[in-house]
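In what follows, one protein chain appears twice in different forms, each by itself as structure tokens: structure 1 and structure 2.
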Structure 1
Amino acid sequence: MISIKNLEFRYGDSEDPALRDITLDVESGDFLGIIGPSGAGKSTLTYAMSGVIPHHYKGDFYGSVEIGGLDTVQSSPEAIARHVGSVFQDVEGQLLASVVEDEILFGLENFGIPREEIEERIEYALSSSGISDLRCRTIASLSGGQKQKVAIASITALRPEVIVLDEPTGELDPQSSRRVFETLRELNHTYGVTVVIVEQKIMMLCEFARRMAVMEAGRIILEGPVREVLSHGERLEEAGVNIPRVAALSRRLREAGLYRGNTPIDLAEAETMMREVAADAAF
């Protein structure tokens, strides 16, 4: 679905490249989490996926990014947008209407979706984000989590194959964050939408993402299934990514030669691990 090859990008007004030698493939139907310290280039990578670079932000662009077979350098932002929908780090800034319904209508009108389809699309977008009851509310009156869902709905209405989100839960409390992730899982499972999400809360990624990419100083230093990435605890901590406590524990046990199994990613698995260790110790 998304194929990035040897991408290097430097913003026009800066010295160092923001992205270096990025090679990444995202399969259709995948759920990819991107994590990394501030300034690592996560947002820039999402820009590369939506064509914001090189179309909106100019700079030196080497390598190639293909979205569903389209080369992003040669295609217009609108053509790319038919495949990829973007939700940006700043929620307030991207909402343009005064009422929820109008926010969703905006993209539908612009892309010339036939009249008879519009109502159905609005309902789909609202219900897949779980906000059907907010349709006529003013955006100013919504909570942060609700605004985030409106931003997501305004994108899903366009039925992109991929949705790219940049720290959508950055300013949300744990409960609202979870609800946003549940919305994304629903889109991913039920509607087959490919999800790429930048997220700092590693526990959320462990629970919801299938694959994970770790970025540091413009590079992807680790990429693969979540569990596999987590097993590189040392490398992650070096890059400044906090790993879940259960993963840290398993690393210690492994270093002490007490455990050789899979890296656990939640409490239930940690329990299994501890039982195994305890059983071994009993001998």
Structure 2
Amino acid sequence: MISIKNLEFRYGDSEDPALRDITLDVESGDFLGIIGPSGAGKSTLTYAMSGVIPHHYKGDFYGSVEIGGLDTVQSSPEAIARHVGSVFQDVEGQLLASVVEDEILFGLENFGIPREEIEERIEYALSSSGISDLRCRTIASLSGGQKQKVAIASITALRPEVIVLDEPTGELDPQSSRRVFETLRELNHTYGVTVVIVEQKIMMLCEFARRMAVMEAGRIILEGPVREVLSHGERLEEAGVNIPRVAALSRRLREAGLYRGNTPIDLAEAETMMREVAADAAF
């Protein structure tokens, strides 16, 4: 679905590349989380995955990015947008309409969604994002977190082949953040939508993503299944990534010779780990 080969990108006003020799394949139906410290190049990579680079942010572009078989350099932003829906940190720049319902309707009509499907899609997008009560509100009256939900709902309604999100839960509380992830999982499981998400809430990301890529200084330093990536705890810490506490605990237990199992990725697995450790200690 997304194929990146030897990508390097340098913004026009910068001396150093923001992305360095990125090669990454995201298969159709995948759910990929991207993590890394501030300034690692995560946002720039999402721009490249959605065609914002090179069409809106100019600079030195080397290598290739293909989305659904389209080369992003040779294809128009409109053609790319029919494959990829994006939610970026700058939500204000994404919202075009004055009323929430019209914001969602705009994309559906623009992409030629059949009229008989439109109402169902609007209701689904509003409900899944937890903003049904905001349907008739003016966007100017919304908080930052509410605007973020509207941007997510607008993309959700379109059900594109790929959704690329850059820290979509940054302004949301834990309950709202979980709702966003649950909506993404439903789109992924039910409609086969490929999800790529940059996220700082790593514990939650580990629960929903299948694969994870770790960035440092414009490069991908680790990539693979979530459990496999988390097993490299020392390297993650060197890169400035705050790994989940359950993964850090398993690493310390393993170093102490008390645990030899898989790295846990959630609380249920951490409980199983501790029961095994306690059982071994009893002997």
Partner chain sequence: MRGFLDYVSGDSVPHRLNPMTKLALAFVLCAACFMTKDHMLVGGVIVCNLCLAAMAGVFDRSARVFLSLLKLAFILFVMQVFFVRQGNVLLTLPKGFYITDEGISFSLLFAMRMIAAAMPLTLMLSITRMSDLSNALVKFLHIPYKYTFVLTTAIRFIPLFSDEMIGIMEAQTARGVEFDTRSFIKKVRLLLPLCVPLLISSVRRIETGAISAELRGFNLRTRDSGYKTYGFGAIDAAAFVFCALLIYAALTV
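All figures in this text were calculated on a predicted structure; none of them were measured in a lab. Take the two forms, superpose them, and find the largest set of C-alpha atoms that agree within 1.5 Å; that set is the rigid core. Every residue number counts along structure 1's sequence, beginning with 1.
Q: Which of the two shown corresponds to the form predicted alone?
A: Structure 2, not 1.
Q: Return yes or no for residue 114: a CA shift of at least 2 Å between structure 1 and structure 2, with the rigid core superposed?
A: Where the cores coincide, residue 114 still shows a C-alpha shift between structure 1 and structure 2 that is 2 Å or more.
Q: Aligned on the rigid core, do the two forms place the Cα of residue 159 2 Å or more apart, comparing between structure 1 and structure 2?
A: Yes; that C-alpha moves by at least 2 Å between structure 1 and structure 2.
Q: How much does the smaller rigid part turn between structure 1 and structure 2, counted in whole degrees?
A: Angle of the smaller part against the larger: 19 degrees.
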